[in-house]
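Taking the form predicted alone, here's one chain by itself in structure tokens.
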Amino acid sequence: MKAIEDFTLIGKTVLRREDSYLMRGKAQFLDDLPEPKGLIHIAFVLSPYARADILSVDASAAKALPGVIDVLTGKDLAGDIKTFAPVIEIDGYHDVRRPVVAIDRVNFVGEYVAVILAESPYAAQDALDLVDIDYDPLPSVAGIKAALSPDAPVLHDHLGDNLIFRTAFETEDFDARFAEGDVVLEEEFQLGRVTGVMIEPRGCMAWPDPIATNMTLWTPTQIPHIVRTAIADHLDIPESVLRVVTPAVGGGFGTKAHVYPDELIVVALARRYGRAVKWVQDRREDLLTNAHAREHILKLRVAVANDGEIRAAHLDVRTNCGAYPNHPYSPTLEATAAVRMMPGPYRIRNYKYDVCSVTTNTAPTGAYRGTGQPSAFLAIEGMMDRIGRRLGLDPADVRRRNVIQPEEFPYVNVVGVRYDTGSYSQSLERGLEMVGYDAFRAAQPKDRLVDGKYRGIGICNYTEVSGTGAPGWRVRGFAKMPGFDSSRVVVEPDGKITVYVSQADAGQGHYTTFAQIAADRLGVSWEDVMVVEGDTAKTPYGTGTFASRGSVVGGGTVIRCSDKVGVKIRRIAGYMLNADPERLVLKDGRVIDPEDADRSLSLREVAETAYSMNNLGLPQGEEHGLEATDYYDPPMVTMANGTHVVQVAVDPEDGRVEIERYAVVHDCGRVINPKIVEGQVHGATVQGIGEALMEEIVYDDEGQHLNANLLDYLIPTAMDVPNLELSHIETPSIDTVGGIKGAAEGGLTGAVPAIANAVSDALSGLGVNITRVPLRPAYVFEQIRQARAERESSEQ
């Protein structure tokens, strides 16, 4: 492998080849695909109740509607599809299985109760209201604290209570070390429930092979190989007869990195009826039934020395699983992410955590950009500010006294995660410098009131877990998460390159960045490289694209695989040139002997020999063809890092928060394409602004979803997004191939705590204590009103 300094194309901005067809409306999303003859359209009858027994289902009126083929209940499908559940092997986790369509009882608003099959999507929709279902509503539970109440209704009888997952950890002599602190601080933080809100909701279409028993499933998923495995397992069919293809994907953000019941149902129905079956979701169904995320409660206690050094920390995390565990991650994903990431960039050596996840009568929760990391850093970064206020220290100085220094790398943190390299201290200092932190603090009045608004500044210094390999998934109990990704690199007979990758693009720019990598390693133009992914029939097995793993694992395998092909190119070219293969160089689409400039071959000439398209033979023992396959399992995790520094103004008259200045320092190791990384950071930061200031799925105490539309579930618009000042630091990993770290989630992870801390700082003069997000105007205004009232009362 070439030394990292030899990269020629990696690290350079080239325009995304995807944008041309995306901007011109040429991309084919699921609903743009040609529909096969005889296609069956389906729609789902959704439960209006959070918890109820199903007494009867009368579908006679729906079946009588012209165009309706059939109406099926959960009992009708029970023989086709096994009860649905992930495979989790970790102490403290309790198995909960679900029918893909409810049988006898529903457990959340939006759960599938019946399936309409029709000749058109319009007939299917018209039939929905004609299915008469008799429910017997039951007491329900929606929130974490209510679910843990001794008298709470129990969702799944075999559990005995509503706890689906519980685990704990503590370092040796934790209590003694905790007692050594001079000061103890404690705070409870809460994050609201959110979801991905992709521009394209989900859908899927199964298409039987007309001449065989094979089946193709089109679904905009981030994990095509895992979807295939799950469907084969639950439908009891050979995995080899199923092909999963991803069309263009209109955003994933983790929401599309799950396996859903509808993906199993369309395949089962296509098998039963011998016809293609299609389902497309609308926005209401998206908000009701797709995986939600967050809704965490974190209680953090820290023991601190008088100089601000954290001596010990105890984190208690409680999460809401929803009615059923998601597939394939289960509730352990966010819960374990939060507690394992909390130490972050800080030197915390004495640590204890307790985790529990509860089932409630709400939609299942799962992966979403950042997983448990925004929660973890809302807690530890919020605590950094509180330590500063308690001890009379600047919050930046508290971080400086605890942050891991450059000379300490490689560093193994308190839960055994190795940080091979990082710029934790440098990122912090650069972020502070970018916004003029010292000058802002010097000019900031004690009451924070400037020109009629409360103005504050917030910091988040974070680490970003990325590129998790098989060991990282095993330690968290994920039995069917491969961890590795793979690629096949082919030099075609015309000398052009085709790269097949096990991942699935969801708009991140894979078709550009993976082409850059292969072109760099094989010495060709990136325009001569075609990338193929998102098709289990064409690509080797792998994990997929989520959790900031695309560049780390996908990029790593393309580097390794290209180098394997490069070795064979040199062997054949050396034979043709009668030159030592070791000294040959791949450059500008040619194989060159640097010791004799007149001795070179085009890549096409070498490929023609490899494919026996000329009269030349191959070296003795060499096989025809010019390709290689690689499976790359990265380290347990690869740690990126960054710092967000935010200035805000809070209007005391209505509680609105305006972001006046926003600086991001980001370190994702070796940058493949700076412009694409910049786009990833911008997009994630905007989602973080939404999570911090406005986004929240709201259930009432009975489990009714109150805002399943985009008028009430607000997401940021261009008017809400400030100018983002971005700076890259490049600290290549020494553990991953190519030095690459992940880049997709840090923007969101840093934004939520930094904005919360800025608002908290702005209102600190009033004594307001910000402990939750989102910080919607009504909530912020109420905090201001209460603080003023308490102050006026105390002064009387």
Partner chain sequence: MSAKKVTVRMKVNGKDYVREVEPRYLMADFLRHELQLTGTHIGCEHGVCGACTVLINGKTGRSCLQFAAALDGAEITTVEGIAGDGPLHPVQEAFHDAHALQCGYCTPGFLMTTIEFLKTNPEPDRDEIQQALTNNMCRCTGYVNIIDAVEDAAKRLREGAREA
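The structure presented is a predicted model; accordingly, all values stated were derived computationally and were not measured. Residue numbers count along the first chain shown, from 1.
Note that the form predicted together with the partner chain isn't included here; everything after this is about it.
(message) Please pick out the stretch from 732 to 740, 43 to 51, 766 to 774, 23 to 31 that is in contact with the partner chain in the predicted bound form, where contact means heavy atoms within 4.5 Å.
(response) After filtering at 4.5 Å, what remains is 23 to 31.
(message) So in the predicted bound form, is the partner chain close enough to Glu782 to count as touching (4.5 Å, heavy atoms)?
(response) Close contact is absent here: in the predicted bound form, Glu782 is far from the partner chain, nothing within 4.5 Å, heavy atoms only.
(message) When the contact criterion is heavy atoms within 4.5 Å, does Arg271 count as touching the partner chain in the predicted bound form?
(response) Outside the cut-off, so no.
(message) Since only the chain is shown here, I'm wondering whether Ile199 would be in contact with the partner chain in the predicted bound form (any heavy atom pair within 4.5 Å).
(response) Yes, contact at 4.5 Å.
(message) Just checking whether Asn709 would be counted as a contact of the partner chain in the predicted bound form - the rule being heavy atoms within 4.5 angstroms.
(response) So Asn709 counts as contacting the partner chain.
(request) Using heavy atoms only and a 4.5 Å cut-off, decide whether all three of Gln444, Asp451 and Thr643 touch the partner chain in the predicted bound form. (result) No: no residue has a heavy atom within 4.5 Å of the partner.
(request) Quick one: from Gly507, Gly382, Gly655, Gly472, grab the residue that has a heavy atom within 4.5 Å of the partner chain in the predicted bound form. (result) None of the other options qualify; the answer is Gly507.
(request) Go through Met636, Ala649, Val249, Leu300 and name the one with a heavy atom inside 4.5 Å of the partner chain in the predicted bound form. (result) Of the candidates Met636, Ala649, Val249, Leu300, Val249 is the one lying within 4.5 Å of the partner chain in the predicted bound form.
(request) Could you run down 510 to 535 and flag each residue that has a heavy atom within 4.5 Å of the partner chain in the predicted bound form? (result) Stretch hits: zero.
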